[in-house]
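Quick heads-up: it's one chain on its own, the form predicted alone, in C-alpha cells.
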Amino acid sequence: MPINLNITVGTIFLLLAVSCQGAAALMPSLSEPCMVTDFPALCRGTINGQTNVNAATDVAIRELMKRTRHARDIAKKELQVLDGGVATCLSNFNSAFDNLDKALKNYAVRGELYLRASELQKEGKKIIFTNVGNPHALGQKPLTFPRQVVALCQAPFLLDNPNVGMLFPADAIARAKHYLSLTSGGLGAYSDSRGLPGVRKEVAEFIERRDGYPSDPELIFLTDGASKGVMQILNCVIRGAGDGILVPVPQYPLYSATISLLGGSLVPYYLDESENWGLDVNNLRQSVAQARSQGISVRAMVIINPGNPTGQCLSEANLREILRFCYNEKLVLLGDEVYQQNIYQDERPFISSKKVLMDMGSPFSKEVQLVSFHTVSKGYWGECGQRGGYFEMTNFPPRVVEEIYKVASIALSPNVSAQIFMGLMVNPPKPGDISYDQFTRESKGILESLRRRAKIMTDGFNSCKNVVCNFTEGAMYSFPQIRLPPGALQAAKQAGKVPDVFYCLKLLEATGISTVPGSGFGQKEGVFHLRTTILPAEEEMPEIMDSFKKFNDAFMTQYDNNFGYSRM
C-alpha cells in the first residue's frame, strides 16, 4: 500500500520506544510494560515517497500501528492517573502558597510601614528605623572582646604573626585558639548539626550558673538565631490545621507567621494592659476550652519573657501558675527568653522558666516539657547580623530528641562563627582577665543607657495627647496605646487602612520615624497601639520624642471631633 512518509521505519520505532519508556518512567506502576526491543527485527529499510512496501514491511507497519494504539490506550489511562496526581499536587501547592501569603501578612515588622520607609529613604528622607530591635543599625557599638576573638578565628594566620600580641590582648588570643581547637577545620568547616560540642558545654555551664541546676549539653542545640530554633521546634509540634499553639497577644509576629506557614492554628490568650500586661491563667483556660470546642488540639504554649512588644517581666508567681497550667493541660512550654539581659527596673528581675520549674519539684520538674530560647542578638550584645542562638530541651524523651536532631541535620550545620559568639556571650571575660575591665565597662554602659532611654521614651509618650504607655520593664520596646478619635477612624476607613496603620503612616511621612502598628502584634478590638524600639542613640532621644509629640498632638487636633476616643 502507498505510504506518504519521508522518515525511516527505524525512526518510528525509536519514537515509540522513547514514548513507552517515558511513560514507564513517569508511571512505575504500569501493569503491562511496553516491549519495544523486538520492533527493529520486524522491519528494516526506508519508505520512500510513493513506494509500495513489501509484505514483510506491511506486516511490520500493521504491528506497529497495533502496538501504537495499545501504548496510546495505556498512556491515556496512566495520564488520567497522572492528571489526578497533578491536581492533588497543585492543590498542595496552592495550600502552601496560601500559608506563605498568610505568614507574610502576619510579619508586620517587615510589612507595609517598613517598605514605605525604605522608599522614602531612597528618595532622600532621613528615616529613623525603630521598627525592629536592631541595636547596631541605630548606633550601638559592638563589644570589643568578642569581636577581637572572632576576628582572630576568621583570620587564624594572624595568630602566627610574631606581632599579634601588639594588636590583640593575650586573653583574646587564648580564647581564639581555644575555639579553633573545637572545630574540625576552622570557621569554614561544618560543625555537628547541634553545634560544636565544646560551645554547647559552655552554654550548659552558663545555664547551671544562672539557675543552680544541671544542664545537659546533649539537650542543647545551637541555631542560626533564636528565630530558627523557634521555627524548628514549631515545625516538630505542628502536624496540621488541627494543631493549636497558645500565643500571647500582643505577640512577636515570628509566632503568628510561622504557625501560618506551617498550617497550624494560633490560639490567642490576651495580656492585660491595665495590669501592666499581666497574664491571667483564667484567660488561658478560656482560650484552650474555646479552641478545643472548635476541634483544635492545643499542643504547646508560648511565653515571651521579658515581653515583646509589651516590655513586661513575668513574676515568679506568674511563672509557677503557667507551669502548673502546662502540667495540667499536658502542653509543651516554649520559653522565649532572648531579652533576659535587658532589665530596666529592680522590682521584678528576670527569672528563667527552667529555674522556676526545677524549684517546683516533682511531679512538675519531672514531667513538664520545656524548650528555652536565647540569642546573641539582644541584651547588651545586639549582634543581630551574626545570627547566633540556642535552645535547651527539658524533660524530652530520647526518641523525640533524636527526631529533632534529624530535623536539624537537614541544614547540616549552624553558622560556626555565630556559635563562637554564643560561646563568648555565655562565657565572657572573668575578673582578673586582661579584657575584663573593658568588657564590664562597655556592657554596663550599654545597659545603663538603655534603662535611661526606656524612661525617656515612656515619659515622652505619656506627655502626648491621647497616648498612654506602660513603663518598659525589660526587652527593647515601648508599646503605647494611641487613643484615636472617631475622625481618624473615619479617615482611615476612607483610605482603606487599619486605623493604627493609618496613624503610623502619617507619623512616618511627617517625621521619618518608622514604627510598627499594634495590629501587627494583635490587640483587642477597638484598641490601637504602635511599637517602637528604645534603641535610638540616647543623645538623639529627646529630639525624637519632641518630634513625635509635635506630630501626635497636631494629628489629634486635626481629627478630634469631640465624640470621644477608642479606649482600653
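Residue numbers run from 1 along the displayed sequence. These numbers were taken from a predicted model, which means no experiment stands behind them.
From this point on, the text means the form predicted in complex with a small molecule, which you will not see here.
Student: Is residue 227 close enough to the small molecule in the model of the complex to count, meaning some heavy atom within 4.5 Å?
Tutor: Because a heavy atom of residue 227 falls inside 4.5 Å of the small molecule in the model of the complex, the answer is yes.
Student: Is there any non-hydrogen atom of residue 133 lying within 4.5 Å of the small molecule in the model of the complex?
Tutor: So residue 133 counts as contacting the small molecule.
Student: Answer for residue 529 alone: is it within 4.5 Å of the small molecule in the model of the complex, judged on heavy atom distances?
Tutor: Taking the distances in the model of the complex, the answer for residue 529 is no, it never comes within 4.5 Å of the small molecule.
Student: Is residue 381 a contact residue for the small molecule in the model of the complex, using a 4.5 Å heavy atom cut-off?
Tutor: So residue 381 does not count as contacting the small molecule.
Student: Quick one: of 334, 457, 418, 338, which gets a non-hydrogen atom within 4.5 angstroms of the small molecule in the model of the complex?
Tutor: Residue within 4.5 Å of the partner: 338.
Student: To verify the annotation, which of these, 222, 203, 304, 246, has a non-hydrogen atom within 4.5 Å of the small molecule in the model of the complex?
Tutor: Flagged contact: 304.
Student: Only one of these stretches, 459 to 467, 246 to 254, 191 to 199, 442 to 450, has heavy atoms within 4.5 Å of the small molecule in the model of the complex; which one is it?
Tutor: Single hit among the candidates: 246 to 254.
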